[in-house]
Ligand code: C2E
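Next up: just one chain, as structure tokens, the form predicted alone.
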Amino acid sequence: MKTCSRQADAAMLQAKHEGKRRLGRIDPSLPASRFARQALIRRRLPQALESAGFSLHYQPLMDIRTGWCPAVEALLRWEDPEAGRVSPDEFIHVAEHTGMIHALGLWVIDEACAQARRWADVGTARAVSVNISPLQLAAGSLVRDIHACLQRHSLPPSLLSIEITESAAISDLASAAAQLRALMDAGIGVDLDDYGTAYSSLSLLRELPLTGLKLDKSLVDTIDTDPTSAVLLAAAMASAKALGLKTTAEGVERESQLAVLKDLGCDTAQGYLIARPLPPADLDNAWAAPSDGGQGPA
């Protein structure tokens, strides 16, 4: 009976994955497929939220000029007794299909605010950015939810930022823009993530109110080896600067990339060269306090 249930779950998720008006066939081979994996994740998601199965790791955003870490990005992690280590690429897709993305997203915002408050209380204040699903924007309650978390933890709005990724899921740009404007007016940062991918466009910079632009790894990968890549990155940065946006380069892995970014006037850098995502205690051990002269990792 349990096997049949798993196969039915997998078939349903396959039908959802392939679009409306589709049939999902129950196939004995499905338990070994990615659809069976998604069915397992779908069943385990509620328990993970209830039993603290999720945690946040934090990846530093380094100020290129000073070498200090004024901000971090919160990244969701999940270790499950049955499913093992589940990557965000696996569970975010399922959470969006099942509607659990709203509860999961709210947990992330609340936990990030709690951690930012803990850092502020010990004198190592860091702004924390969280990734927001387009479906959270579509629900229309994002502004209220964020303000409630800030009040619950007595956190200054300047210590929170949100990151959004443009995609087909942002179906109502006017509504999204109104919510983002309300957050910015309250002092919360709003960054456009993964800029330079197939989805992003210059028109989006006109449509959405923003405080920052995160340049996708695909734009950064070859800036130290290909002059054309450096020119394209410089053009993207020039657009951002003209609009008054701070720039962050993602996926920085080599010192030579960092040198090019510094020459181009990029504000912050993020990537394995600086640090991998870390639990809060490990991040505190790896990065010295600002009083060290701003020299970055200890």
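These figures come from a predicted structure and were not determined experimentally. The first residue of the sequence shown is number 1, and the count goes up from there.
Same protein, other form: the form predicted together with the named molecule, not shown, and the subject of what follows.
- Listed residues 192, 75, 155, 83 were compared with the named molecule in the predicted bound form; 75 is the one with a heavy atom within 4.5 Å.
- Proximity of 88, 253 and 272 to the named molecule in the predicted bound form is complete: all three residues have a non-hydrogen atom within 4.5 angstroms.
- Contact annotation: residue 59 falls within 4.5 Å of the named molecule in the predicted bound form, judged by heavy atom distances.
- Contact check for residue 131: a heavy atom falls within 4.5 Å of the named molecule in the predicted bound form.
- By the criterion of a heavy atom within 4.5 Å, residue 208 is excluded from the residues contacting the named molecule in the predicted bound form.
- Looking at residue 117, you'd find every heavy atom of it more than 4.5 angstroms from the named molecule in the predicted bound form.
- Here the chain stands by itself, but in the predicted bound form one stretch of 172-180, 89-97, 145-153, 224-232, 89-97, has heavy atoms within 4.5 Å of the named molecule.
- Residue 217 is the only member of 204-241 with a non-hydrogen atom no more than 4.5 angstroms from the named molecule in the predicted bound form.
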